[in-house]
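Coming up, as structure tokens: structure 1 and structure 2, two forms of one and the same protein chain.
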Structure 1
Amino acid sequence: MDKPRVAFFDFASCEGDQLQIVNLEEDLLKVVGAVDVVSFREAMKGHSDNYDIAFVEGSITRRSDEPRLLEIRKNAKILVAIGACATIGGVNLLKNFQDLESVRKFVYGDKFFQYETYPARPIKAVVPVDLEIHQCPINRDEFVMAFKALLMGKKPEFPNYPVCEDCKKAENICVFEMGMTCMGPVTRAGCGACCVVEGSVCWGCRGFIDHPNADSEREVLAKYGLSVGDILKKFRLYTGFSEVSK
């Protein structure tokens, strides 16, 4: 059997997800050995349009990005979105809730008119996506798990329960009990609740579980003292796109 041909692409992103892959350490050689990598700007020169699996990082923030993404979709048998920017829009989405012209001025100064923009969106808002590997940045173990499933021709299984399950297993004190608030109850687990473990809260970077009880989460946030405006901000940090797509 021929090795699957794999290519990596990025759109509006910090390339943090590709960096996670480059940083796979001993697994990297095994990953690279199992496939033919034909394009990976972060790690190699050269490029080919002949590939089976495309890993795409970043969100789509300009109309001119779309033809390139459509081309990738056309070439790839399997398109995998990697990282929060690609799967749910990520932090890039924050500009959608501000005036786009002033956002452009803020970033590009008086040259702003040379840089086009439009509301940021995840990959699936432009082309069909076969698989999503969440988190900002993606976690290496989950990438390897999904990668192995692809090699075996299986559909990888991602958790469909909230971060609270991981968090309880990690024996954290719930941050709600310590005067903070958390998106864990509606966010897809799989990260080991790492942010809570490190002393912060869950911001929701892995996106919603399949059927989040957003109303109940809003009630909980209100019960623990957040205003309507703050609750909206919490939901918009990572999961704002679902507001539009509903």
Structure 2
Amino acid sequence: MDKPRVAFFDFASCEGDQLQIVNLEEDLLKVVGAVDVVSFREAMKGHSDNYDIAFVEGSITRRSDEPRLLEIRKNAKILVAIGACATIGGVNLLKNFQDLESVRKFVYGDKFFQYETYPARPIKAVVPVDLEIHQCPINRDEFVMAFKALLMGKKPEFPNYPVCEDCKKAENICVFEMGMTCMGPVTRAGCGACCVVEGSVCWGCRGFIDHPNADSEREVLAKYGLSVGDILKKFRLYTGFSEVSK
């Protein structure tokens, strides 16, 4: 029986999610042993358009990206978006709230006219996606879990409760109590509240839970003198597409 053929692709991103996969080291050998990796620019020179599963990192930021993504979708039986840029748009969304020509001039200077751009969007805004693996960068263990499930023909199960639960398990002091703001009450858990554990806040890189308790969130914000508008603007870093796509 032939092994499933797997390919990795990237669009606008830092490619940190693919590096997480490469950094699996010994576990990567086990993963690779179960499949035939036919394209993975971060780890090999070869490339083939004959694959069963496509893992795609990065957001779509140019109209010229679309034909390539459509071709990947056509070739793949299963398309998996990996990382915040691919699943929710990521940091590239910041330009969506600015004048795009000004952004091009700021980045490329007097050669800006040579580079095209349009509002950044996640993969699912252009083609159907079969599975999303969230976080920035992705969690290696979660990737392995999802990968194994796909190979067994199963749908991986991801947490669908707020990061606040991970925070409580980690015995963190709520950052709201320390005068900071946090996306934890509405963000999908599964990261172990790693940012809060390290002394920061949750930035929402795993995206919103499916059915966030909006009333509870408003109560929390009101308690600390904040509005929904305040927190959405502050955390456009990752969740801006949810705001502009409504």
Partner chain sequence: MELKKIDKPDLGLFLQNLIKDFQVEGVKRKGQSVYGQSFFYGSINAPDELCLDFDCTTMPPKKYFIPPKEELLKFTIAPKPEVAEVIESKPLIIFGVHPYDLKAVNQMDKIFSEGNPDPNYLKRREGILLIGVDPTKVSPRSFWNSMEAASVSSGFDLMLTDIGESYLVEVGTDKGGNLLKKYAKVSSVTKEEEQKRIDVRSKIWNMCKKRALNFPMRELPSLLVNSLNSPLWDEKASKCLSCVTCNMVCPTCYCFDVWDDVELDLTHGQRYRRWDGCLASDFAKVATGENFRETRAARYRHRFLRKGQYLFSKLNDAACVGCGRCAAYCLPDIADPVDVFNRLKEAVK
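Numbering for residues begins at 1 and runs along the sequence of structure 1. Predicted, not measured: the structure shown is a model, and the values here were computed from it. Throughout, rigid core stands for the largest set of C-alpha atoms superposing within 1.5 Å between the two forms.
The chain appears twice here, and it is structure 1 that represents the form predicted in complex with the partner chain.
With the core held fixed, the Cα of Leu232 is displaced between structures 1 and 2 by 2 Å or more.
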